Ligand code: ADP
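Form predicted on its own, single chain, as C-alpha coordinates, below.
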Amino acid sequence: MICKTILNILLCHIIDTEVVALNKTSEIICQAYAESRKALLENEAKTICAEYNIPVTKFKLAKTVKESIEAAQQIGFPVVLKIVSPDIIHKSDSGGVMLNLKNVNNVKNAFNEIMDNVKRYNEKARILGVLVQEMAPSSIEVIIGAVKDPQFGQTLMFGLGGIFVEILKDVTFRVAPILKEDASEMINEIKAYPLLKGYRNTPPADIDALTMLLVNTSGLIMENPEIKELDLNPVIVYERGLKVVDTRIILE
(Lines give C-alpha, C1' and ligand atoms only; values in the text may rest on other atoms or scores of the structure.)
Protein backbone atom coordinates (compact mmCIF):
# COMPACT_ATOMS: atom_id res chain seq x y z
CA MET A 1 0.00 0.00 0.00
CA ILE A 2 2.64 2.51 1.09
CA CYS A 3 4.98 1.39 -1.67
CA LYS A 4 2.38 2.06 -4.35
CA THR A 5 1.60 5.49 -2.92
CA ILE A 6 5.27 6.46 -2.80
CA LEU A 7 5.77 5.11 -6.31
CA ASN A 8 2.94 7.28 -7.61
CA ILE A 9 4.48 10.38 -6.04
CA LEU A 10 7.96 9.57 -7.31
CA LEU A 11 6.67 8.95 -10.83
CA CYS A 12 5.08 12.40 -10.83
CA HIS A 13 8.41 14.02 -10.03
CA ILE A 14 10.65 11.80 -12.12
CA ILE A 15 8.65 11.60 -15.36
CA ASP A 16 6.84 14.90 -15.16
CA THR A 17 6.66 15.29 -18.93
CA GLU A 18 5.73 11.66 -19.51
CA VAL A 19 3.00 11.18 -16.92
CA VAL A 20 0.70 9.95 -19.70
CA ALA A 21 2.61 6.68 -19.48
CA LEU A 22 0.72 5.97 -16.25
CA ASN A 23 -2.83 4.68 -16.40
CA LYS A 24 -5.44 7.38 -15.92
CA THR A 25 -6.29 6.41 -12.35
CA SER A 26 -2.67 6.42 -11.18
CA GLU A 27 -2.09 9.71 -12.99
CA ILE A 28 -4.97 11.39 -11.17
CA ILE A 29 -3.99 10.03 -7.76
CA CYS A 30 -0.37 10.98 -8.42
CA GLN A 31 -1.36 14.53 -9.34
CA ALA A 32 -3.50 14.91 -6.22
CA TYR A 33 -0.62 13.83 -3.98
CA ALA A 34 1.74 16.17 -5.83
CA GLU A 35 -0.65 19.05 -5.03
CA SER A 36 -1.07 17.88 -1.40
CA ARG A 37 -4.77 17.17 -1.97
CA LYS A 38 -6.67 14.36 -0.26
CA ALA A 39 -10.07 15.11 -1.78
CA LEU A 40 -10.27 14.45 -5.51
CA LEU A 41 -12.19 16.88 -7.68
CA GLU A 42 -15.45 15.46 -8.94
CA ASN A 43 -14.28 15.32 -12.55
CA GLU A 44 -11.24 13.34 -11.34
CA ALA A 45 -13.40 10.96 -9.29
CA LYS A 46 -15.77 10.41 -12.20
CA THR A 47 -12.88 9.77 -14.58
CA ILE A 48 -11.55 7.08 -12.23
CA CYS A 49 -14.99 5.52 -11.87
CA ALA A 50 -15.40 5.39 -15.64
CA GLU A 51 -12.05 3.56 -15.88
CA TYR A 52 -13.61 0.79 -13.77
CA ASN A 53 -16.82 0.53 -15.81
CA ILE A 54 -18.85 2.44 -13.27
CA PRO A 55 -21.53 4.22 -15.35
CA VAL A 56 -21.27 7.87 -14.32
CA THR A 57 -23.33 10.59 -15.96
CA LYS A 58 -21.75 12.19 -19.03
CA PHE A 59 -19.61 15.15 -18.01
CA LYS A 60 -17.15 17.76 -19.23
CA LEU A 61 -15.03 20.32 -17.39
CA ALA A 62 -15.62 23.85 -18.67
CA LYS A 63 -13.66 26.96 -17.72
CA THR A 64 -15.71 29.62 -19.51
CA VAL A 65 -19.30 30.36 -20.46
CA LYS A 66 -18.50 29.43 -24.06
CA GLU A 67 -17.00 26.09 -23.06
CA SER A 68 -20.01 25.42 -20.80
CA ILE A 69 -22.44 26.01 -23.65
CA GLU A 70 -20.42 23.83 -26.03
CA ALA A 71 -20.24 21.05 -23.44
CA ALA A 72 -23.98 21.23 -22.80
CA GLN A 73 -24.71 21.01 -26.52
CA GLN A 74 -22.42 17.98 -26.86
CA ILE A 75 -23.90 16.21 -23.84
CA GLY A 76 -27.49 17.17 -24.64
CA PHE A 77 -30.03 19.18 -22.65
CA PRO A 78 -31.07 19.24 -19.86
CA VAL A 79 -27.78 19.53 -17.98
CA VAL A 80 -26.42 20.29 -14.53
CA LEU A 81 -23.63 22.75 -13.69
CA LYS A 82 -21.42 22.24 -10.59
CA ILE A 83 -18.55 24.32 -9.32
CA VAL A 84 -15.10 22.68 -9.50
CA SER A 85 -12.77 23.97 -6.80
CA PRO A 86 -10.36 22.28 -4.38
CA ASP A 87 -11.56 24.81 -1.77
CA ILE A 88 -15.30 24.12 -2.11
CA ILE A 89 -16.29 20.77 -0.62
CA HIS A 90 -20.02 21.39 -0.12
CA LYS A 91 -21.07 22.62 -3.55
CA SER A 92 -24.76 23.15 -2.75
CA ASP A 93 -24.00 25.21 0.37
CA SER A 94 -21.92 27.60 -1.73
CA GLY A 95 -24.62 28.03 -4.38
CA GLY A 96 -22.37 26.13 -6.75
CA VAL A 97 -24.94 23.76 -8.25
CA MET A 98 -27.60 24.53 -10.86
CA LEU A 99 -30.02 21.83 -12.02
CA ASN A 100 -32.24 21.11 -15.00
CA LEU A 101 -30.77 23.67 -17.41
CA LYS A 102 -32.75 23.25 -20.60
CA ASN A 103 -31.18 25.65 -23.09
CA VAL A 104 -28.19 27.85 -23.91
CA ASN A 105 -29.49 30.87 -22.01
CA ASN A 106 -30.07 28.74 -18.90
CA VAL A 107 -26.46 27.53 -19.05
CA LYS A 108 -25.06 31.02 -19.58
CA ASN A 109 -27.03 32.48 -16.68
CA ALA A 110 -26.24 29.51 -14.42
CA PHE A 111 -22.49 29.78 -15.09
CA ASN A 112 -22.43 33.46 -14.12
CA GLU A 113 -24.64 32.91 -11.09
CA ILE A 114 -22.46 30.06 -9.82
CA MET A 115 -19.34 32.19 -10.12
CA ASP A 116 -20.96 35.05 -8.21
CA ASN A 117 -22.30 32.73 -5.51
CA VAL A 118 -18.99 30.98 -4.94
CA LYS A 119 -17.01 34.23 -4.78
CA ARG A 120 -19.40 35.52 -2.12
CA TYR A 121 -19.15 32.21 -0.25
CA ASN A 122 -15.34 32.11 -0.34
CA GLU A 123 -13.59 34.95 -2.09
CA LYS A 124 -10.25 33.14 -1.84
CA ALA A 125 -11.49 29.89 -3.40
CA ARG A 126 -9.50 28.60 -6.37
CA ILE A 127 -12.02 28.07 -9.16
CA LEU A 128 -11.05 25.62 -11.89
CA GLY A 129 -14.33 25.88 -13.78
CA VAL A 130 -17.66 24.07 -13.72
CA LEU A 131 -18.57 20.48 -14.33
CA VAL A 132 -21.24 20.22 -17.02
CA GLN A 133 -23.07 16.90 -16.71
CA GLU A 134 -26.21 15.31 -18.02
CA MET A 135 -29.38 15.64 -15.95
CA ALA A 136 -30.28 12.04 -15.17
CA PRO A 137 -34.04 11.26 -15.15
CA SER A 138 -35.45 10.51 -11.71
CA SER A 139 -36.04 6.96 -10.48
CA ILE A 140 -35.14 4.81 -7.47
CA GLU A 141 -32.01 6.11 -5.73
CA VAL A 142 -29.44 3.98 -3.92
CA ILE A 143 -26.05 4.68 -2.38
CA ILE A 144 -22.77 2.78 -2.56
CA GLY A 145 -19.95 3.70 -0.25
CA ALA A 146 -16.56 2.42 0.79
CA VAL A 147 -14.30 3.15 3.73
CA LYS A 148 -10.95 1.77 4.77
CA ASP A 149 -11.46 0.31 8.22
CA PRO A 150 -8.34 0.08 10.44
CA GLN A 151 -9.23 -3.50 11.38
CA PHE A 152 -10.99 -4.97 8.34
CA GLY A 153 -9.51 -2.98 5.48
CA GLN A 154 -11.64 -1.88 2.54
CA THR A 155 -15.32 -2.19 3.42
CA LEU A 156 -18.29 -1.72 1.07
CA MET A 157 -21.69 -0.30 1.97
CA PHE A 158 -24.95 -0.49 0.02
CA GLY A 159 -28.36 0.96 0.80
CA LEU A 160 -31.26 3.15 -0.11
CA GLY A 161 -29.92 6.50 -1.28
CA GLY A 162 -30.84 10.10 -1.88
CA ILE A 163 -32.69 11.97 0.86
CA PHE A 164 -33.58 8.74 2.70
CA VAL A 165 -30.06 7.51 3.47
CA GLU A 166 -29.67 9.55 6.68
CA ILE A 167 -33.26 9.03 7.85
CA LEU A 168 -33.78 5.31 7.28
CA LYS A 169 -30.18 4.10 7.58
CA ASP A 170 -31.21 1.07 5.53
CA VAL A 171 -27.73 -0.20 4.64
CA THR A 172 -25.67 -3.37 4.55
CA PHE A 173 -21.90 -3.98 4.62
CA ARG A 174 -19.28 -6.40 3.26
CA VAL A 175 -15.50 -6.57 3.49
CA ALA A 176 -13.95 -6.24 0.02
CA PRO A 177 -13.20 -7.87 -2.31
CA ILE A 178 -16.65 -9.21 -3.12
CA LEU A 179 -18.01 -11.56 -5.78
CA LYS A 180 -21.34 -11.39 -7.62
CA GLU A 181 -22.87 -13.66 -5.00
CA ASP A 182 -21.84 -11.27 -2.22
CA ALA A 183 -23.23 -8.30 -4.16
CA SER A 184 -26.57 -10.08 -4.63
CA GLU A 185 -26.76 -10.79 -0.90
CA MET A 186 -26.08 -7.13 -0.10
CA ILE A 187 -28.91 -6.03 -2.37
CA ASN A 188 -31.32 -8.61 -0.93
CA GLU A 189 -30.54 -7.69 2.68
CA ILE A 190 -31.81 -4.12 2.76
CA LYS A 191 -35.35 -3.56 4.00
CA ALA A 192 -36.18 -1.55 0.88
CA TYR A 193 -35.47 -4.53 -1.38
CA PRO A 194 -39.20 -4.87 -2.32
CA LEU A 195 -38.96 -1.37 -3.83
CA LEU A 196 -36.13 -2.56 -6.07
CA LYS A 197 -38.25 -5.51 -7.22
CA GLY A 198 -41.06 -3.19 -8.30
CA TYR A 199 -43.88 -1.78 -6.21
CA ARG A 200 -47.32 -0.66 -7.42
CA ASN A 201 -46.62 1.77 -10.29
CA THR A 202 -42.85 1.69 -9.77
CA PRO A 203 -41.05 -0.57 -12.30
CA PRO A 204 -38.42 -3.02 -11.02
CA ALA A 205 -34.83 -1.83 -10.79
CA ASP A 206 -32.06 -3.40 -12.87
CA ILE A 207 -30.66 -5.76 -10.22
CA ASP A 208 -28.01 -7.14 -12.60
CA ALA A 209 -26.65 -3.64 -13.22
CA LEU A 210 -26.59 -2.98 -9.48
CA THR A 211 -24.75 -6.23 -8.86
CA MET A 212 -22.05 -5.35 -11.40
CA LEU A 213 -21.75 -1.85 -9.97
CA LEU A 214 -20.96 -3.29 -6.54
CA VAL A 215 -18.43 -5.74 -7.98
CA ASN A 216 -16.73 -3.04 -10.05
CA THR A 217 -16.59 -0.68 -7.07
CA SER A 218 -14.97 -3.47 -5.07
CA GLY A 219 -12.35 -3.82 -7.80
CA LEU A 220 -11.70 -0.08 -7.80
CA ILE A 221 -10.97 0.18 -4.08
CA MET A 222 -8.94 -3.04 -3.96
CA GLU A 223 -6.69 -2.03 -6.86
CA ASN A 224 -6.17 1.46 -5.44
CA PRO A 225 -5.43 1.13 -1.72
CA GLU A 226 -4.71 4.87 -1.51
CA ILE A 227 -8.49 5.38 -1.46
CA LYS A 228 -9.68 6.00 2.09
CA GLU A 229 -13.31 6.87 1.37
CA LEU A 230 -15.59 6.61 -1.66
CA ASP A 231 -19.22 7.66 -2.09
CA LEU A 232 -21.51 7.09 -5.05
CA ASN A 233 -24.68 8.95 -4.10
CA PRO A 234 -27.13 9.09 -5.56
CA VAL A 235 -27.05 6.16 -7.93
CA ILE A 236 -30.25 6.33 -9.97
CA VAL A 237 -31.42 2.86 -10.96
CA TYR A 238 -33.74 2.31 -13.90
CA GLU A 239 -35.60 -0.66 -15.27
CA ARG A 240 -32.64 -1.05 -17.60
CA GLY A 241 -29.29 0.31 -16.46
CA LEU A 242 -28.31 2.97 -13.94
CA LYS A 243 -26.45 6.27 -13.61
CA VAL A 244 -24.03 7.41 -10.90
CA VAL A 245 -24.85 11.09 -10.42
CA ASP A 246 -22.44 12.27 -7.72
CA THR A 247 -19.05 10.83 -6.79
CA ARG A 248 -16.62 11.55 -3.96
CA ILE A 249 -13.16 10.04 -3.39
CA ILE A 250 -10.88 10.82 -0.44
CA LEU A 251 -7.28 9.60 -0.39
CA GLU A 252 -5.17 8.56 2.58
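It should be emphasised that the depicted structure is a prediction, and the values quoted were computed from it without experimental measurement. Start at 1 and count along the sequence shown; that's the residue number.
What follows is about the form predicted in complex with adenosine-5'-diphosphate, which we do not show.
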Interface stretch in the model of the complex with adenosine-5'-diphosphate - options 152-160, 177-185, 102-110, 131-139, non-hydrogen atom within 4.5 Å: 131-139
task: Could you confirm whether residue 147 comes within 4.5 Å of adenosine-5'-diphosphate in the model of the complex, counting heavy atoms only?
output: no
Contact of residue 90 with adenosine-5'-diphosphate in the model of the complex (heavy atom, 4.5 Å): yes
task: Using the partner position in the model of the complex, report whether residue 47 sits within 4.5 Å of adenosine-5'-diphosphate, counting heavy atoms only.
output: no
- prompt: Hey, in the model of the complex, is residue 42 touching adenosine-5'-diphosphate, heavy atoms inside 4.5 Å?
  reply: yes
query: Does every residue of 54, 219 and 223 put a non-hydrogen atom within 4.5 angstroms of adenosine-5'-diphosphate in the model of the complex?
result: no
- prompt: Among 84, 118, 143, 80, which has at least one heavy atom within 4.5 Å of adenosine-5'-diphosphate in the model of the complex?
  reply: 80
